[in-house]
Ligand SMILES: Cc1cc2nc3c(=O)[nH]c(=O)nc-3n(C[C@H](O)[C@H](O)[C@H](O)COP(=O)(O)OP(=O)(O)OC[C@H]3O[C@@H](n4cnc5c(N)ncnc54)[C@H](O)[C@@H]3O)c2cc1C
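Before any questions on how it binds or moves, here is one chain, the form predicted alone, in C-alpha cells.
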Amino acid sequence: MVEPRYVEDASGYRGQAERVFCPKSGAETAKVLAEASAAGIPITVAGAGTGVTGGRVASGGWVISTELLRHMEIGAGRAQVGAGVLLRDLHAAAARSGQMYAPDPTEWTASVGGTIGTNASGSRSFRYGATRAHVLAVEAAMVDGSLRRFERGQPVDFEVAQVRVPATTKNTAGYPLRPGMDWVDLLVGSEGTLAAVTAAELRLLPAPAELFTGLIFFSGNRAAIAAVDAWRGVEGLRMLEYFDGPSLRLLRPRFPEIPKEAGAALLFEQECPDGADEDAWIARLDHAGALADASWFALTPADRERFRRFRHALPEAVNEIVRRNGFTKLGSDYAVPLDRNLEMLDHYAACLEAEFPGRYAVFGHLGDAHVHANILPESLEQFERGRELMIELARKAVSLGGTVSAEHGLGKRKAHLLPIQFSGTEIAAMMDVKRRLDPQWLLGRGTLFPDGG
C-alpha cells in the first residue's frame, strides 16, 4: 500500500497510486518512465507535497518521488541542483557563498523541482520575477525513456502556436506557447505534464550588502492599499506584501504583539547598498497615515527571520482551519494588471464580506496585483458556495486582463479554470504539444487538462 504522504498535498487533496519509485538519478528516473510507457501506466511526478492544487497527487498508476534527487553544487553565479533539493537548503547554501537564489515561495520546504513545475515566485518576485527567469538549464527524463538536458536559449524543435499572455507581472496558467520559444520556458511551469524534471542549473545573484525591512501597520485596508501604489517605485524595493484586517485577526493568537488598532499591514523589504534611508521612510509612513510608532522594523537577520515566520504563519493558519473544518482549501491565485489592482481588491472585499463575513482572509503579493483570497467554510453548503464564488472571481480577474494562476499552477483541483482564461483553440494548441511529447497521455494525467487527451 502506498503511504499517504505520496498521494496528498498541503491543500488536503488526496489521491491513490499502485507503486512509488524513489530514483537516485536522472538515469533511474528515465528508466522508470520507459517502463511505464511500455506498459501504458499513468505516472505522476511528486515533489515535497507543499503545493495546493493537487498537481503532484496521483489518480492511479505510478508515482515518481524526487526526494532522493538531492545533489547540489554551488558555483559563482549558478547552482547545479537535483529536483529534490529543498528550497531552504538551496537558500542556505547560496548564502554561505555570499549569493542568493532570488525566487522565495513562502513555503521553504518546497522542492526545487516543484517550484520549477509551477513556475513559483513568492514575495521577491516584485523585484526579481518568477522561477522561469532564473532557470539556466534543466535535465529532464522524457516519456520515451531518454534523458535530455535543455539549455537556456535552445529553441523547441517543433512548431508551436501563439497563445495570449495576460497583462500581469506573473502568470503560470497553461503553457506559455510562442513560436521559437525555449525548451526551458516550455518545461518550467508545465506542472509535470511534459517531462520529469530531475535537475536544474539555476542563476545565483550576489547577496545584497544590507537590507531594511519593515512591517507597517495601518488602521484600515484603504490606507495600506494606497501606500502600495505610492511605494511601488521606491529604489531597491524587493518585497511589498499585504495583510488585510481578517488576516491580522488570524495571526493575533500567534503574534499577540500586533497592535490592537491595526486593521491592515504591509511588509516591505529594501536592498540598501548605501545603508537604509530611515528619514525617507519616516516621511513615507507619515504621508501614508501609517501607525508608525506601532510598526516593526528589522536590520538584523534574526529580525528578518521573525518577519518571515509572520508571513509564513498566515497560510499555515488558513490551512489548519480548512483541515480542521474537513474541507480542501478554497483560495485564489489570481493576478490582474497593476492598473486594475484596486478594482479587483474592491470586488474581493464586496463579494467576500457579503457572503462570508468573518470567514475569509485576503493577503499576499499586492505589489504585483496578486493577492490570495481565502474562504474558510464551516459547512458543506458554505464550501459549495465558496467553490462557485471562486469561479466567479476568476472570471472577474480575466475580464480585467488577468490570469487564473499567478504562481501555484492549476494542477487537478483548478484545471477547470483553464478555459476561463484561454480559448478552445489555444487549449487545443497546448494539448497538441502535450500529445507530441506524451502521446499516450501518461504524465500528470488530470493535471491542467481534466478531460485528458
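Since this is a predicted model, take the numbers as computed values, not measurements. Residues carry their position along the shown sequence, with the first being 1.
Keep in mind the form predicted together with the ligand is missing from the figure; the text below concerns it.
**Student:** Where does the ligand sit in the predicted complex: which of 344 to 352, 226 to 234, 292 to 300, 101 to 109, heavy atoms within 4.5 Å?
**Tutor:** Selected stretch: 101 to 109.
**Student:** Which pick from Ala265, Ala200, Val336, Ala196 sits with a heavy atom within 4.5 Å of the ligand in the predicted complex?
**Tutor:** Among Ala265, Ala200, Val336, Ala196, a heavy atom within 4.5 Å of the ligand in the predicted complex occurs only for Ala196.
**Student:** Which of these residues, Asp89, Asp182, Glu316, Glu271, gets a heavy atom within 4.5 Å of the ligand in the predicted complex?
**Tutor:** It is Glu316.
**Student:** Hey, in the predicted complex, does Ala10 get a heavy atom within 4.5 angstroms of the ligand?
**Tutor:** Heavy-atom contact with the ligand at 4.5 Å: present for Ala10.
**Student:** Test of understanding: in the predicted complex, would His408 fall inside 4.5 Å of the ligand by heavy atoms?
**Tutor:** Judged by the heavy-atom cut-off of 4.5 Å, His408 is in contact with the ligand in the predicted complex.
**Student:** Determine whether any heavy atom of Ala48 comes within 4.5 Å of a heavy atom of the ligand in the predicted complex, and answer yes or no.
**Tutor:** Contact with the ligand, yes.
**Student:** Any of the heavy atoms of His365 lying within 4.5 Å of the ligand in the predicted complex?
**Tutor:** Answer yes; at least one heavy atom of His365 falls within 4.5 Å of the ligand in the predicted complex.
**Student:** In the predicted complex, which residues of 115 to 141 put a heavy atom within 4.5 Å of the ligand?
**Tutor:** Counting only heavy atoms within 4.5 Å of the ligand in the predicted complex, the contacting residues of 115 to 141 are Thr115, Gly117, Thr118, Ala120, Ser121, Gly122.
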